[in-house]
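Only one chain is shown below, in structure tokens, and it's the form predicted alone.
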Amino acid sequence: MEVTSIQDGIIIDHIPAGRALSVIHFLGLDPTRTRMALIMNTRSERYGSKDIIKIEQEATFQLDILGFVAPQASINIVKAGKIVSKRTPGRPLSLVNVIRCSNPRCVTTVEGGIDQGFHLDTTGGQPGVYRCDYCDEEAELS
């Protein structure tokens, strides 16, 4: 299998193995209209295995979502065939209409038209957990 380099675009590396399709979903990428390469379950010296997504276009989507879906991923910006910027996504302090609350009694589940808001809970023993703004239910990544 040969995956060539890209000239201009984004390489999302170190995605946990098997999570690349979730990343594509949360970024809102349309696979039928986006020129991209998806490499799954490849070797990683750091994690054992990983997924990689190469997207040949400028980022017109919200890369901060990666801090929720794949916080250990790295984002490489490529211009003229060279990596010009490399960073890891930070965890966003809040998420709005990215995920849905799983609590069947939550007002956002019962009532229509309410934004699905989550905030990053850094208190207690589980730093980095997202909780519903209305019922405090822990977010689940499906």
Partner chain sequence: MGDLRGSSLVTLDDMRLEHIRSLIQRAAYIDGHRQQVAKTCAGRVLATLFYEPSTRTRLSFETAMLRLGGQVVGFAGAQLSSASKGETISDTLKVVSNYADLVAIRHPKEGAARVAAQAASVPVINAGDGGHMHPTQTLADLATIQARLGRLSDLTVGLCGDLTFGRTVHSLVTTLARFGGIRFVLISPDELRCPQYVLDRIDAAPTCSYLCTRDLTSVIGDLDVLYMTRVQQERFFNEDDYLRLRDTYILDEAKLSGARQHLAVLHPLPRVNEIAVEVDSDPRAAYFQQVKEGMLVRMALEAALLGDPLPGYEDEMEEN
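Numbering follows the first chain given and starts at 1. This is a predicted model, so every value here is computed, not measured.
In what follows, reference is made to the form predicted together with the partner chain, a form of this protein that is not presented.
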Exercise for the section: Determine whether any heavy atom of Asp13 comes within 4.5 Å of a heavy atom of the partner chain in the predicted complex, and answer yes or no. Expected result: no
Practice task
Evaluate Leu141 for contact with the partner chain in the predicted complex, applying a 4.5 angstroms cut-off between non-hydrogen atoms, and reply yes or no.
Solution key: no
Problem - Interface membership of Arg131, the partner chain in the predicted complex, 4.5 Å heavy atom rule - result: yes
Exercise for the section: Answer with yes or no whether Glu58 is in contact with the partner chain in the predicted complex, where contact means some heavy atom within 4.5 Å. Expected result: no
Fill in the blank from the handout: Interface check vs the partner chain in the predicted complex: of Val96, Val84, Val107, Leu93, the one with a heavy atom inside 4.5 Å is Val107
Fill in the blank from the handout: Exactly one of Asn103, Gln116, Ser44, Ser74 comes within 4.5 Å of the partner chain in the predicted complex through a heavy atom, and that residue is Asn103
Exercise for the section: Among 44 to 52, 62 to 70, 108 to 116, 27 to 35, mark the stretch whose residues have heavy atoms within 4.5 Å of the partner chain in the predicted complex. Expected result: 108 to 116
